[in-house]
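Next up is one chain by itself, shown in structure tokens, the form predicted on its own.
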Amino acid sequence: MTENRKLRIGFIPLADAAALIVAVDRGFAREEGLDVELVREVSWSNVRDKLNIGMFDAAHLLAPVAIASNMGIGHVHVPIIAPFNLGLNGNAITVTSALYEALRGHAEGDMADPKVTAKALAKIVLERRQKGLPLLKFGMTFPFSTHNYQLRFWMASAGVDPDEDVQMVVLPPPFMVESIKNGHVDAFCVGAPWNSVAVELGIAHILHFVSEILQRAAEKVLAMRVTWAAENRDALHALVRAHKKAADFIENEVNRDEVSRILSAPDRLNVAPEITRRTLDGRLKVSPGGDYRESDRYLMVGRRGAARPDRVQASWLYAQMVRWGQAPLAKELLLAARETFRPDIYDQVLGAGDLPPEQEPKDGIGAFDGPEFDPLDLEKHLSGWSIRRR
């Protein structure tokens, strides 16, 4: 059987598609003998469905969607694997200027501390309930998304029940800014560059980088169907090699201006190159007034072992599905979740050893709050949470 070397790959206009976009537009995929057509999509459901039915050979995909598809939860059961991780920590929580001022008025401590802002949010929620005001609306990109789980993790740490005390609404990433501009939501969690776009318009503040909530959070993966991977082994390996070249190219600061131009093109992210550059540097403008915040953990594409799939991350994402009532707790589902991430393929293609350095969180997650995380004992971890769906 002749392998397919002409591929169609779907993506959402987000900065954590950088390795995919650069692999194609900088020629790394072509060097590996691949002819790749990138297809820009608007919603994650479009990407998932086109991947599942074979309209895409691979996709830039939410890590929890790949896991859910592999488990047959939330949609049809289509076995998916992720041999390459496209990004850690590319999300941020952004709030309207009005909500930011309310949080600041109730904050007891540093607003950069998620414990401080979560407690301030709890006070605002209580006040609004006492006054009979509508629930605050928080936008996230998909029910099976890191954005959903990160918002929930943050607010629930202070006793805010995300299913009772606020309203969670699903919005495609490119529509987030318009939704906050039009007053449809009070806050959102989305990947770059849309947080920065809202700040540039003077309508919102970036409240937290997700790396302030979780030190390591796998958000997007390069995903493909198990059947495609089995039938196109050489093309799969070529894709992994091309993406590793692209990740290394992106992480070299000498190349950042070129990468910014590539990503900012109209048929890619379609934003100003300076916004993309700040994203890649982890130095974001967080307020309309011109305040900046910097983190070397923001959007890790290849550094600190970010590109190698980590099954600890798969366990954590499955734990969130269980915590919020999307999936039952079962050993076979935990195994299916972990088998979605394929570090073995990554190591086979690129060689073993691309692991997180010793100074990274010992549990592989580094959450700002909550019980200790054991990726193989989720029941013990989940029993420590007072707010969860049973």
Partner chain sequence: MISLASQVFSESNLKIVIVDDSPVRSAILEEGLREAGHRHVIRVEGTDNLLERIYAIDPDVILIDLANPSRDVLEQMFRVSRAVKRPIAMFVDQSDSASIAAAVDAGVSSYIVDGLKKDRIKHILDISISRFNAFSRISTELEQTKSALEERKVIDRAKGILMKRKSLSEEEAYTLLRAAAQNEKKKIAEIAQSIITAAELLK
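Since this is a predicted model, take the numbers as computed values, not measurements. Numbering follows the first chain given and starts at 1.
Keep in mind that the form predicted in complex with the partner chain is not shown, yet the notes after this line are about it.
Q: Out of 319-327, 22-30, 335-343, 350-358, where are the residues with a heavy atom within 4.5 Å of the partner chain in the predicted bound form?
A: Partner-contacting stretch among the options: 319-327.
Q: Going by a heavy atom distance of 4.5 Å, is residue 140 a contact of the partner chain in the predicted bound form?
A: Yes.
Q: Would you check, heavy atoms only and a 4.5 Å threshold, whether residue 389 touches the partner chain in the predicted bound form?
A: Residue 389: yes, in contact with the partner chain in the predicted bound form.
Q: My question is simply whether residue 123 lines the interface with the partner chain in the predicted bound form - judged by any non-hydrogen atom within 4.5 Å.
A: No - in the predicted bound form, heavy atoms of residue 123 and the partner chain never come within 4.5 Å of each other.
Q: Even though the partner chain is not shown here, does residue 168 get within 4.5 Å of it in the predicted bound form, heavy atoms only?
A: Result yes; residue 168 sits at the interface with the partner chain in the predicted bound form.
Q: Considering non-hydrogen atoms and a 4.5 Å limit, which listed residue (101, 164, 108, 267) is close to the partner chain in the predicted bound form?
A: Only one option qualifies, and that one is 164.
Q: So the partner chain isn't shown here. In the predicted bound form, which residue out of 201, 112, 76, 133 has a non-hydrogen atom within 4.5 Å of it?
A: Exactly one residue meets the criterion: 76.
Q: Has each of 194, 215 and 362 got a heavy atom lying within 4.5 angstroms of the partner chain in the predicted bound form?
A: Contact check failed for every one of 194, 215 and 362.
Q: Would you give me the residues of 31-46 that have any heavy atom within 4.5 Å of the partner chain in the predicted bound form, in order from first to last?
A: Residues within 4.5 Å: 42, 43, 44, 45, 46.
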